[in-house]
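The chain below stands alone and is given as structure tokens, in the form predicted on its own.
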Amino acid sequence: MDYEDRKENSKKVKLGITIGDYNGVGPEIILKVFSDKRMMDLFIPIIYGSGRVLSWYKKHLNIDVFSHHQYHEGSYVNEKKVNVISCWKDPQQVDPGKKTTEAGKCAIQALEKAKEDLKTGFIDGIVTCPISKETVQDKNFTFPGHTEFFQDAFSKEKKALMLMVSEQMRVGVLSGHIPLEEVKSKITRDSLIQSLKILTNSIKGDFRVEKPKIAVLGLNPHAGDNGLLGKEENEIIKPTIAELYKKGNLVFGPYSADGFFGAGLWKKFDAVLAMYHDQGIIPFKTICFNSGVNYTAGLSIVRTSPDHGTAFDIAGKNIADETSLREAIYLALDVIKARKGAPENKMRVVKEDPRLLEKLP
């Protein structure tokens, strides 16, 4: 979708953006994205964080073209400027690249305020800048990351799916953010069906693909080699895929992850379901880093984020790339539009390939 299409279809949408860990690259990429004044033509931005922090980075990075409107409860939303909601009262010591519990607590406060505003409908969706999973942990925040935080608040079944999205591919992760030793126990018929249902519904509803083709990766090397390297494929994954296919779902696999990505088979599908985090995220980021977006499928609200972390090693050095944040904003606007029933957007739709049927169990 080009700039003019987005300008026409996304007008007046209020999109929240959380600042993330203020010692990471979040404030920098926000400033860089909104240094392009055309962004203000697409939607009304509501930044959750601190005007003081953004002003500090503006001076530190010598970014002169950014300006913001400080929003307070009961005041007005400025449709021509970036609106900032300060989510904590006490001024904080900004120290780029340093992990601090203070920055973690502030990141949580921004998330909590954004959550409240999503529930009241003050904002139409949310884009989250990176947090440090280490510094946000306390008695009030025990989630592994953003995905689980929003899953708890906006999923009726308390189940969502991390879906990495780019113009080239979409990759979902069945088991999410858990230790590798726990992955095997998460591979069940019910979890596969639930994850594939969320993925299929999202590709249909959020990405406007009428008949999505989904590839499922195996758990073991070479997809188990017909039982020689593991039983999960023959006992769980293959039967579940066959069951869903017989019900009219275009689900194929299981595929060996190395050959699947190495041979470019992902180009034949609308989405891929990986069994665990690194199996899907490593090839995605290898192919799509900086242009990829982390999307949470299965929520009642729209949430996206850049596909990178806090990048403490480059924070405050004016070298962070804002492309992924811009793409996260674009995707959030596109999905909000799709959910409002706007015409089908211009996403890639793969063609029928009879050879895929040969891969069915």
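Residue positions are given as counts along the sequence shown, with the first one as 1. As the structure is a prediction and not an experimental result, all values here were calculated from the model.
In what follows, reference is made to the form predicted together with another copy of the chain, a form of this protein that is not presented.
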| property | result |
| --- | --- |
| Whether Y71, G121 and D206 all lie within 4.5 angstroms of another copy of the chain in the model of the complex by heavy atom | no |
| I236, C87, L250, I287 - the one with a heavy atom within 4.5 Å of another copy of the chain in the model of the complex | I287 |
| Interface residue in the model of the complex among I178, A242, V77, I193, criterion: non-hydrogen atom within 4.5 angstroms of another copy of the chain | I178 |
| Distance check, E157 to another copy of the chain in the model of the complex, heavy atom within 4.5 Å | no |
| Exercise: D138 in contact with another copy of the chain in the model of the complex, heavy atom 4.5 Å | no |
| Exercise: N220 in contact with another copy of the chain in the model of the complex, heavy atom 4.5 Å | yes |
| D278: touches another copy of the chain in the model of the complex, heavy atom cutoff 4.5 angstroms | yes |
| Option from 314-322, 298-306, 50-58, 329-337 whose residues, in the model of the complex, bring a heavy atom within 4.5 Å of another copy of the chain | 314-322 |
| Heavy atom within 4.5 Å of another copy of the chain in the model of the complex - qualifying residues of 218-256 | L219, N220, P221, H222, D225, N226, L228, L229, G230, E232 |
